[in-house]
Ligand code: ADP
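In structure tokens, one chain follows: the form predicted alone.
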Amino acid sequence: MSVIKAENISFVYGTGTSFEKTALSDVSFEIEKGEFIGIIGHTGSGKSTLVQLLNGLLKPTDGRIYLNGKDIWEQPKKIRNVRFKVGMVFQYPEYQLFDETVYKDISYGPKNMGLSEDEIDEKVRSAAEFVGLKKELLDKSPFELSGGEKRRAAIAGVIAMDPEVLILDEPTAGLDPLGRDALLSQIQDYHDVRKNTVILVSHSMEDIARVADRILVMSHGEKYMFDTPENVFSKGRELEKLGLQVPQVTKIMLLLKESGIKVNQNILTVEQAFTEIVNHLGNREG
């Protein structure tokens, strides 16, 4: 059974007003439990609206969203419980920090779930460890932390609720390359250990190619493609028409192939490219 199913969902902002705008139109897909899903699309393609629909922050204008086979809006008064199960990390989540200490900030979600003090403590410390926050930082004010530490603390606050589905909307935005790589590795480790479903929205094709099992491509509020990274990025020219890029190394391999060099264009990492080129040169010498 799928953990999340979107069935013909549409969403219109400002319905019935002069500002009415369709953000999503007839989008359907299914996500299996434990998958790592990437979502890409040009600005205004509907990515952020879509993920807010998935955890019940927005209600579809049309269509249904199912969590473990149940319509999340079947009982509107219980939609809060859906948000515990489908955790959302917004872009620049450090702006959501508010409490006296990092510990209290991370514990906010588990407390609202009605857990015992022992359970809350275990979840706070486990989440902090996952995101790489040192123990001594838990007693500090979140506003004393560095930018990268604030980002990790905010993400830990969502992870501490142990959601079945973790959604991250541009979690590495604004970080330097080292900080971006470190955070992405921690998210990947979280997925590998917890086996929960992770949905990552990103403009970085390199990040998406590195971690995703499948990629959902959005364009003008519609689902354009939902496939493996290899199949999605093999359509580099189509993606360019949508205002998207393929990973740089994939683009290089595509250009090599278009120039007549017989290499595999479905390459996503530098390591894969190195192996492919070495094999190609070896075959030529042979």
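Residue indices: 1-based, along the sequence shown. Since the model is a prediction, treat every value here as computed from it, not as a measurement.
Another form exists, predicted together with this ligand; not displayed. Remarks below refer to it.
Contact with this ligand, judged by heavy atoms within 4.5 Å in the predicted bound form, is confined among 36-44, 64-72, 248-256, 223-231 to 36-44. By the criterion of a heavy atom within 4.5 Å, residue 23 is counted among the residues contacting this ligand in the predicted bound form. Within this chain, residue 13 lines the site of this ligand in the predicted bound form, having a heavy atom no more than 4.5 Å away.
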